[in-house]
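Two forms, one protein chain; structure tokens for each follow separately as structure 1 and structure 2.
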Structure 1
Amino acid sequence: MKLAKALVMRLLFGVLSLVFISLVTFMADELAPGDAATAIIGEKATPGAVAALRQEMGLDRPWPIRYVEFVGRAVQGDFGKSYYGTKEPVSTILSQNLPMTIRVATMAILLAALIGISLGTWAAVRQNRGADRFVLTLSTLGVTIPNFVLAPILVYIFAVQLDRLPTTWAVDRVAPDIYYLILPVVILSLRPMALLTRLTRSSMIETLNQEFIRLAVAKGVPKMRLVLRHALRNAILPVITAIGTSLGFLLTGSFIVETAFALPGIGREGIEAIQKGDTPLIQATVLVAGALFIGINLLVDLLIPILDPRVREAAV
């Protein structure tokens, strides 16, 4: 079947993408000033001590050999140990922080999808009226204003002026977790919410102009049933694809928000690793983020044929 072949090809390209990402991250460390031995032993160490540690760590061997070994360990989930702090295994750090990133990104995309699809549908039904113009204005603002601008504004309003929400995540939390996640989730969701609103609106307008919709109107189908069951059901497919892509970007693009709100996620860990030059943690964060993004897009490719019989029929 063409569909199975297409999915296999997407999986193959996904694997090749991960290999490319791993090569880029490895070469970035290889070309950067200094190396792991210098980072571990310190810049004030004697050249002889640095050379001895480099030999012990195998850094004196050619980079292609070390790259193959790096990929082999990464496939097994072994990214080495962090250079700083307790120097615990990077896989342990990821297992402790990845759930928060997934949690926040999932909540953000669900909020974005719920409000974005609702507003987009409402705007399409009220096309060229006041409600439509209002929704378009809001969605334009949501697309153009970046997260690092929205974050301090919302924090100032709801955390500083109104004193209703906490500014950062706390270890000794005195309220349910959701209370600390409201601002990060809302800030993360605004841009995909705006994109989904505009996409839903355009897809719904196109669908509402189709012949089968006119036929349903002629048959006297109730308006609510016409919009939700007939129009939205056929217009939702490109929106689902956009939801999958947006979720991938949220998982990989939450670094700023996690850092701003001190959330224990891989985004904050990645930023701190870059600031300290913790190469194993940087490489692991990039690879895991890339794998999540590729996996989500592959899942969307699997869902589309299931949801749309026309895709299955065209691929058979």
Structure 2
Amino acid sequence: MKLAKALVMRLLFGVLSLVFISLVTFMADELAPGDAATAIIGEKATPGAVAALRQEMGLDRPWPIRYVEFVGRAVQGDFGKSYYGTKEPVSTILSQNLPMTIRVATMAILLAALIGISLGTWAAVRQNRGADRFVLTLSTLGVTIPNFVLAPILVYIFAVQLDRLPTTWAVDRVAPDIYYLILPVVILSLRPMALLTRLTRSSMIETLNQEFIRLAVAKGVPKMRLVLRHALRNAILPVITAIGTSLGFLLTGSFIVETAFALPGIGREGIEAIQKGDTPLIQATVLVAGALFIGINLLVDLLIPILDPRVREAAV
């Protein structure tokens, strides 16, 4: 069966991507000056002491062996210990921060999909009219204006001037969490929203020009039903694939938004790790974020044949 073969190939590609990301993550540290031994013992230690520690930690062995070990431990959730602070295991730090990132990203992608698909459909139905132009201009702005410009501007309007929303996340929150998350979620969702709007629009326009739609119009199907049941169901598949791709935007956005709003997520934690030079934490952040990115894209691609009978049948 071709479909099974395609799915296996896709799965294999996902695994390969993961291996590649882990290899690059490992090699990046390998090629950089300094290693774990110098980081732990400090710059001032004698070369002899560094060499002894290196041997004790097994850093003197060839890199392929250490890479396999690195992956083996990472698979079990062991990313080593942080160089700084209380030298907590990196996995503990990550598990404290990951929920916030996932929470904000999920809310953002849902918002983006909801509004993006609605706006795109509306624009397609009103093709070349005022509403369509308006939506297109808006989505161009959404793609072009960067998050880190939008974040301070919206904070200034809604938090400073109107005083409706808090400026940043706080440990002692006086209002329900959602008040603190509105601005970050909206800002994070804008780029994927703009992307999904454009894609829904072009996919809908293509679908609306097809024969079966004209037939449905001729049969007198009510317009609402025509657009939602007949056209959108067909047009939405590329949009679903794009939801996976737009996770890339979300990833970039998470770093910005979490920094701008002081949200305790892996984005902010990763930036702090870089500022301190906490290599194990940086590597783990990149690995976990990369694995999430690959995993969700894989999931989306596997979902398509389930949703679309045409893909299923064409492949048999």
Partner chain sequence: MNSPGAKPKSRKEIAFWFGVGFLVLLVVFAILGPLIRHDPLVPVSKPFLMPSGLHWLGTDEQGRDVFARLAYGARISLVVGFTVQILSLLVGVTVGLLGVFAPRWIGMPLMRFADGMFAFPDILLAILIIGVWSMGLVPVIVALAITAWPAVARLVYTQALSLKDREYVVASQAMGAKTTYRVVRHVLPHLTGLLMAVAMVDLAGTILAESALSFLGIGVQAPQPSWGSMINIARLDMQSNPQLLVWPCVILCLTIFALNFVGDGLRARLDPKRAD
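All residue numbers here refer to structure 1's sequence, counted from 1. For clarity, a rigid core is taken as the largest C-alpha set superposing within 1.5 Å between two forms. Here the structure is a predicted model, which is why all the values come from computation and not from measurement.
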{"property": "Form predicted in complex with its partner chain - which displayed structure it is", "result": "2"}
{"property": "Exceeds or equals 2 Å, Cα of Leu247 between the two structures, core fit", "result": "yes"}
